[in-house]
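Coming up, as structure tokens: structure 1 and structure 2, two forms of one and the same protein chain.
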Structure 1
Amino acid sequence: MSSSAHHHPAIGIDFGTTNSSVALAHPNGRVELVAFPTASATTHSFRSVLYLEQLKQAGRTSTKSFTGPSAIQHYLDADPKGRLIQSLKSYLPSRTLTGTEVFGRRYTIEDLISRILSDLRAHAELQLQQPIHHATVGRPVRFVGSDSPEDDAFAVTRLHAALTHAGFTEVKFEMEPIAAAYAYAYESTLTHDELILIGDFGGGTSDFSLLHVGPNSRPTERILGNSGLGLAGDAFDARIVRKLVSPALGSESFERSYSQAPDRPANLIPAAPAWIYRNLERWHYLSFLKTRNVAEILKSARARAEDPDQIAALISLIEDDLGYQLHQAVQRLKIDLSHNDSARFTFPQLRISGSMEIERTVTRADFESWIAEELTSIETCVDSLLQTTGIAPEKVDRVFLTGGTSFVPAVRRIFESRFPTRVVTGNEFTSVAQGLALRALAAN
């Protein structure tokens, strides 16, 4: 690290499914995070979303794009609404999903992602007051939806193309769990070699890796074992919708019974079709329900329902395009339950009529029973990683949990019961970017 004059700034970029972050490691080892302004505050995590809007000016139409917090803001303010695109990272390994059409023009996934990366670069340049064209960028060991190492390699090639398009001329990739290990090693001063298990729980994926971290504060490059699941925080949100929101909107309500004969069984026909409720579970699908066909279905469902107020509330949810607000309300509840034994679900934006009720107190125990299946999948995945690598739980010196979903107490408990007193957590949203920057510095 002697002739640092011609070294490029050590930049780490974590492009996540839900959130992204950028860090710079100064030559003295101090790590600085890039801050992003939002309407209400400044944060170190940038929502990985893109919003495309069509503008009509002087008889000409053009398309304008916004990213991160400004994408959300423009989306909320717009009427009619343009296209809000999220979870772009999860499309990278797909050979069939190469792009999407917006306002009659085709965009490749690389093009769409590059707009987010380009804005991340611009924010970093502004704060760090220097041009940035080099970066160490994270990649998951296994991408969501990837079936083979070839798919992963394909995803990395596309991510690389997006980075090039966004103005990065030199890019190095590093495994996200190795980056998290760098961040862990940096925070703790190690005196001997440790075998650590990294658990990264994000929005789309959960990822587990076993690796050694040496006393030189650097992980060895070898991952002893890795496994992952294509489920994390988004799946928990979907459960809250299914167990709490959809029932209040009539998913368990039936048609009024017209049975005349007393010996005839009650008429148990669901008032509204189940597929409509499935679309509520992923908030960005909600806008697909704003069609005349769905409006007709719900209008007649309401006329026949035992509880028409519930269907009426569902109709206004769709008419008012409240998918984003619904998702916010669900996430608020989930996050409150990470810190409290019970929390209140509220959804003030929803127009409700008559006796309809959607506000409700939920206990952490309720929530944990709703996500029981997901928790079991995580447990199975961790246990099978230990089994296939032949490593006994006692041999693991430390477990480092990171990612937003590692805040969920039931997720932490999975590790606390298997590795008592050895679980550490921290920098849930930024550890990967910090570790990537430290990795870039080590390579300088």
Structure 2
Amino acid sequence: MSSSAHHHPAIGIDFGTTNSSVALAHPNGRVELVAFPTASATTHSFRSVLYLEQLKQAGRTSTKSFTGPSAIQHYLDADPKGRLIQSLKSYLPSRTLTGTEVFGRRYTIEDLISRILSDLRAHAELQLQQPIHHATVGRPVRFVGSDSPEDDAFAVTRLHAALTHAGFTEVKFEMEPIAAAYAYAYESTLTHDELILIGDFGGGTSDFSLLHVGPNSRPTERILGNSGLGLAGDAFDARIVRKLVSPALGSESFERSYSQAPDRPANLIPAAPAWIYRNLERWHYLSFLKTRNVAEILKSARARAEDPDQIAALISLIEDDLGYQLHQAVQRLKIDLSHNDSARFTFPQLRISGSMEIERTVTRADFESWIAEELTSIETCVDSLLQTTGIAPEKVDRVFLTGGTSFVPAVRRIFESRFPTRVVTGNEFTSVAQGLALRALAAN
């Protein structure tokens, strides 16, 4: 490391599937989070979204882009709407998805991600009043959609390229759960070493690490093991859409059978193809459905459906590009069910589109049955980490959970049943960025 390295600000960047945050660790160990302006206030978590729209001025057409809170504001205010692109991090391991075309221009995934990272950097420079070219950046143990360590390495290479493109000249990567361990050690001002289990739940990935932290050990030197899986909050959202929203939009609607003899069973053909509903589940795919081809498919599906109103509602959801609003409604339900035994799901925006509104009461037990498979995967992942490291649950001093999904009671129960009275939660959305900044400071 060069002698000038000591003067680099210790910057941590948590570029997340859903939210991103940036922190600076001052030489005295104090951590400062970068605040981002929103329409009404400021926030420490910057939505990882990009909005592109076309402007026509004096006969010339140009494309403008916005990121974070301002991307969402511009998108909601726009009519007609441009293109809102979300969850870009989840495309990083995919060798087949290299980019997309927007308004006739081709953008690579790296181009799109670098726009978000450039703005994160600009906001940080503005607040911290200094140029920023060095950063410690988080990465999950397993990326969403990754099937192998090679896929993870490929994702890191692409993320590095996007960071370089955004003006970062020196980047170090650190596992997100290890960053969370730095944040935990900082928050709890430990006086003795502890064996801790970190659970870091993002929008797209869940990561677990077992390590020693405390005055005598840096987290990076004392890792016993990591495990991770490519599912988290987004997978729970997808289940809500599948069980609650899609059926109201015709996923279980069949074609009317015209020449049906009374003694012959109905020829059950789904009115609309299943892949359209699969794209609804990944809410950032909804804008990809806004094509002439899909419009034609749904127009004829509506004509043949037993329940044409449901298909009409699906058509207006796609035409009005209501993916973001649908996602907000799903998030609200998930949060309400974290606090209550039952909650109302409402999606009033569809009513505005001249069709139906979806309203239903959902119990926490319903929701838990929908996500049973994901909960089992999380349990298996945690248990296999304990097995491979040979650590008995009672040997773990503390469990530190971070990320939005750590609020879901069924997720907490997985840990509370194995580690009674030892589960604590951190600053759910900013722990990783804080820990990355502290990690950068430790390396200076």
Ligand SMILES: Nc1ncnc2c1ncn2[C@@H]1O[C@H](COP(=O)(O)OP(=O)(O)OP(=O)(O)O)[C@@H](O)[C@H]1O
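For residue numbers, the reference is structure 1: its sequence is counted from 1. Keep in mind that this is a model prediction, so the values were computed, not measured. We call the rigid core whatever largest set of C-alpha positions still superposes within 1.5 Å between the two forms.
Enquirer: Since only one of the two is the form predicted together with the ligand, can you say which one?
Expert: Structure 1 is the matching one, since it is the form predicted together with the ligand.
Enquirer: Superposing on the rigid core, does the Cα of residue 379 end up 2 Å or more away between structures 1 and 2?
Expert: Yes, residue 379 moves 2 Å or more.
Enquirer: Answer yes if the CA of residue 150 moves 2 Å or more between structures 1 and 2 after aligning the rigid core, and no otherwise.
Expert: No, the C-alpha position differs by under 2 Å between structures 1 and 2.
Enquirer: At a 2 Å cut-off on C-alpha positions, does residue 95 qualify as shifted between structures 1 and 2 after fitting the rigid core?
Expert: No, residue 95 moves less than 2 Å.
Enquirer: Superpose on the rigid core and then read off how far the CA of residue 192 has moved between structures 1 and 2, in Å.
Expert: Displacement of the alpha carbon, after core fit: 3.3 Å.
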